[in-house]
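Next up is one chain by itself, shown in structure tokens, the form predicted on its own.
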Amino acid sequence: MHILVTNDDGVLAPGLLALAQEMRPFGQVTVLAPDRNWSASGHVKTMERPLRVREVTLADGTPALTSDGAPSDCVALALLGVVPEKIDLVVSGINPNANIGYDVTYSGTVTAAMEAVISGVPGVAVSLDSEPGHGELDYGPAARAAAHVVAQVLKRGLPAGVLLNVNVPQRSEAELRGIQITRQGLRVYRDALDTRRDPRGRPYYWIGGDLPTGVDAAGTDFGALRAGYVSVTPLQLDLTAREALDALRGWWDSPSGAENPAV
């Protein structure tokens, strides 16, 4: 078994090291991760400049690869041949903050796993739901929860086109209540625009505001985290709003009332 580990916080982030260490009992582990923080970068494919890859050493002395590309670039580079050996699974993380609800469209952690699925390789994204002002984080419980999920993925497989988005409460292993299979919940953002001016009087902007929250509903990723459970949400890249298809087809009815066959 050959597992690629990546993240969106940079190759030297402690969450990546904890994850890579927990993946090693499953087989060969290769790390290829960005050389800087790409948080909230979304799904990126760099096409207008060359990408560089170089070797680095992780804090435990093991070798790794790093790139100046985005997390999804790192996965693409590995799967396209920078890593010559066949990769069986991509695991991304551990992100220091939860990626739930609409976060999955922003998250470099999640979109790295999406890039794997596009190439036909199973993907798992792992994030820690840390508390505000947490200080130094202990990624051990989240890494071991990720290993538990990965063990089942390797044993049972995933449906084609599906990745798993794993979020772990910031608790000790004894305090974790178990695993819940969840759906995406509703993320509530509290963004605010901070307008400033540079020394020449020209405006510039920061997007800031309070930390996001969510709707605490049963069966959702946010609800599971609030209740102390590890949330495992299956995601797919097909974003079609199927319930809207019939209504939209009616927009292009012919004057006679028959559906336009050209649409």
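Model, not experiment: these values are computed from the prediction. Counting begins at 1, following the sequence as shown.
Beyond what is shown, the protein has a form predicted in complex with another copy of the chain; the following relates to that form.
- Another copy of the chain in the predicted bound form is approached by His148, whose closest heavy atom lies within 4.5 angstroms of it.
- Using a 4.5 angstroms threshold between heavy atoms, Gln184 counts as touching another copy of the chain in the predicted bound form.
- Under a 4.5 angstroms non-hydrogen atom cutoff, another copy of the chain in the predicted bound form lacks Leu58 among its neighbouring residues.
- For Leu89, no non-hydrogen atom is located within 4.5 Å of another copy of the chain in the predicted bound form, even though that partner is not displayed.
- Put simply, of Thr213, Thr62, Gln236, Gln28 only one has a heavy atom within 4.5 Å of another copy of the chain in the predicted bound form, and it is Gln236.
- Annotation: in the predicted bound form, residues His2, Ser130 and Ala217 none come within 4.5 Å of another copy of the chain through any heavy atom.
- Residues of 21-49 lying near another copy of the chain in the predicted bound form, listed in sequence order, are Asn37, Ala40, Ser41, Gly42, His43, Val44, Lys45, Thr46, Met47, Glu48, Arg49, the criterion being any heavy atom within 4.5 Å.
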